[in-house]
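Taking the form predicted alone, here's one chain by itself in structure tokens.
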Amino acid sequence: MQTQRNHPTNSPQSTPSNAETEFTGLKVFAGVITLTVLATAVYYGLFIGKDLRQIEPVYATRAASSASSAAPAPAPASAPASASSSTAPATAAAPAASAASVPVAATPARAAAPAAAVATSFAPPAADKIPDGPMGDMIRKGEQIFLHTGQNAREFVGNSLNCVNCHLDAGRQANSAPLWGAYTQYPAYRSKTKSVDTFSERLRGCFMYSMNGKAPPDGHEVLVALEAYAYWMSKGSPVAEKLPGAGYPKLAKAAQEPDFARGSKVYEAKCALCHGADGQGQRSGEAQVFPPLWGPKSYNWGAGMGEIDKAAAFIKANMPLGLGNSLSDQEAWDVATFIDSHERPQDPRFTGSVAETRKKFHDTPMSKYGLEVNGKVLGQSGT
């Protein structure tokens, strides 16, 4: 009888069953399929992501355009209509710059803008688009007068301010009385003068009040240059149409009566760093880096910024510089009250009597002229 031997390949311990072999094959197949699907998803995902990145700016632009068209136009401004070609804040609680001779670190950059975006449907022409030729030369002259008023219109300026102090970014910035929001609004009747004023007459008033100087005579090159600059800045702006961002924004009525003491605290915390504890600003050599807000080198009692509501609106939208809309409405009202409750140069319309001058030109709760503040009647010193 022949002994039968088991061949190793027939051993159940060493030979996988057909089921096991099929299972292994399925796992390999599933793995291949999975890798293929993942590779495909990654491949198409890159293209989809690219398309979305291309589309996203389009929707962002449309959203910004919709917001701009929906934004209500701010109230007209009564502050000076001149502007400038470099960013510097102004007469109210914020830094201002004399654009050429100040250290770069102290001069706000033209690109700088308030933290809160401003909806506006108009953009003035870029600074490097000023044309060549005689017209371009006059526009550039106006730009330099606007930026360095004390240097380039010395005979008509009586303080340390420049036009750019109240009209930021060279007269471009919305909600800081930009030139493009003012030039096309004239001729216009003004309650301040009780007459229909031309834009040139409006500029003359700026020199008398905001600059505490004297008005250039009609047709003077200083006025022609400033008007040429304003004309160019308004290129493409509709005539006699109030645009969003023109003037200063209208500030809601204060929840509490504006208060000198509260305003003093806001000033100390948010304004004194640039304008000084004494409100006299800061100088660097001959250059006024940050403007004085009261005293003999500031705007006089006849300036629009001497009215609390206008100062508060400017401060709210633009101050501290680069941080516009960071103060609450109440803080803006309080600090504007504090600033405009200090003595400053006499109103050029002074009649010889503070009481009569108040009755004739300052009979409003928005002016402290002729009122007693901290035991002193303002307007009497005639600084």
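Note that residue numbering follows the sequence shown and begins at 1. Computed from a predicted structure; not experimentally measured.
Note that the form predicted together with heme C isn't included here; everything after this is about it.
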Quick one: find which of 252 to 260, 128 to 136, 198 to 206, 233 to 241 has residues within 4.5 Å of heme C in the predicted complex by heavy atom distance. 198 to 206
Heavy atoms within 4.5 Å of heme C in the predicted complex: does residue 321 have any? yes
Within 4.5 Å, heavy atoms only: does residue 248 come near heme C in the predicted complex? yes
Would residue 302 count as touching heme C in the predicted complex under a 4.5 Å heavy atom rule? no
Is there a non-hydrogen atom of residue 213 within 4.5 angstroms of a non-hydrogen atom of heme C in the predicted complex? no
Any residue of 159 to 186 with a heavy atom within 4.5 Å of heme C in the predicted complex counts; write them all down in order. 161, 162, 163, 164, 165, 166, 167, 168, 177, 179, 181, 182, 186
